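What follows is a single chain, given as structure tokens, in the form predicted alone.
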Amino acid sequence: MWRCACQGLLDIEFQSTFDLERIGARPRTLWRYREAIPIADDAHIVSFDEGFTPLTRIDIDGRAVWFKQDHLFPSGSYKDRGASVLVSKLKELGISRVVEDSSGNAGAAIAAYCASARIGCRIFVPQGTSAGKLTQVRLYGAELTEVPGSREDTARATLKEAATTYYASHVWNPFFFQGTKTFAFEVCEQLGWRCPDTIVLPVGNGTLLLGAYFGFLELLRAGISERLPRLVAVQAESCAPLHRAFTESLEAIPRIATSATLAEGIAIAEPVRGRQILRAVLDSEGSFLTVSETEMVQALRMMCAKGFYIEPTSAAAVAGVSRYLGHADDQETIVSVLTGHGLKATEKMARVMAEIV
């Protein structure tokens, strides 16, 4: 099952345990948290030894902020966290073929891990997706289908295929979040098994934010931490339905007019788990903020000048950090993330460079 018989969303009920001594003795991959990942048998694990990415202090506007370098994953984005666990579950279930829809990074991650597991894979993407990501998906051996129209049109086309083929969705499938939650475990361990005050994350479909929320909640329930970090969700001004729902205290996610944005990875006008994302942010006493295209370009230039070659969607998080710092406490421990590598979006990076020149 990837969704309820009522057509609603599914989550996983699973009792995670954390033996800090055993964890510390294991290889530095996300699978070091084995007792917190619901795969029955190690023989089913599909892994490239991913995870435990560097947590690096970077100066942002004169303030030290911790950034997880998740752009260094094997397929070039944090989506490998979810793909490793989800494809391991596919292998465990004996599934031989899947479909998935993506703006690029999730499709590349699912295609990579399916290639390793010898699982057939068809990826649906919106027309106009970065050519580097499309090439990556094809070279992994996946079948690629470009869909005219919006990101939501792509999702609807994939749902039709999912009527007869298993849906390895990074949004609908609850096992994907069992991988992205390891972001929280790694952050906590790398900070000496303590919880940061604030996590600033870019949000479209919420796969990283919800994963982080689930992970920190499990650490709290296990007695590893004493509280949840404040979750600050960053959206692009040109596509910010969750920000609007939050600021206007709406119960439903509103339909919004959108425009093109550099941050294609979070350009989601109709997030399937929108209400769940809102609840997670509210539960953590967090907030939403938006950033402009100009702010993202400035953040991208700044990070590249520091030696971090990140894709534009990653720059949304950095721009969000800059905006959040305007009212942050001086003693706050703030963590954010570099979500994807710049080499995945060469055409957009070249356009940004041309504008600079």
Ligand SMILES: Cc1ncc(COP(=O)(O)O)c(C=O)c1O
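Computed from a predicted structure; not experimentally measured. The numbering used is simple: start at 1 and walk along the sequence shown.
Unshown form predicted in complex with the named molecule; subsequent notes refer to it.
Undergrad: Considering non-hydrogen atoms and a 4.5 Å limit, which listed residue (Asn173, Gln178, Thr207, Ser88) is close to the named molecule in the predicted complex?
TA: By the 4.5 Å criterion, the partner-contacting residue is Thr207.
Undergrad: Report the residue, out of Val98, Leu219, Val200, Val203, that has at least one non-hydrogen atom within 4.5 angstroms of the named molecule in the predicted complex.
TA: Checked against the cut-off, the match is Val203.
Undergrad: Have a look at 187 to 195, 246 to 254, 78 to 86, 161 to 169 and name the one stretch with heavy atoms inside 4.5 Å of the named molecule in the predicted complex.
TA: Of the options given, it is 78 to 86.
Undergrad: I'd like to check something about Ile266: if you look in the predicted complex, is any of its heavy atoms closer than or equal to 4.5 Å to a heavy atom of the named molecule?
TA: Within the cut-off, so yes.
Undergrad: Within a 4.5 Å heavy atom cut-off, is Ser225 in contact with the named molecule in the predicted complex?
TA: No, Ser225 sits far enough from the named molecule in the predicted complex that none of its heavy atoms falls within 4.5 Å.
Undergrad: Is Ser336 close enough to the named molecule in the predicted complex to count, meaning some heavy atom within 4.5 Å?
TA: No, no contact at 4.5 Å.
Undergrad: Report yes if any heavy atom of Gln136 sits within 4.5 Å of a heavy atom of the named molecule in the predicted complex; otherwise report no.
TA: Contact with the named molecule, no.
Undergrad: In the predicted complex, which residues of 301 to 336 put a heavy atom within 4.5 Å of the named molecule?
TA: Glu311, Thr313, Ser314, in sequence order.
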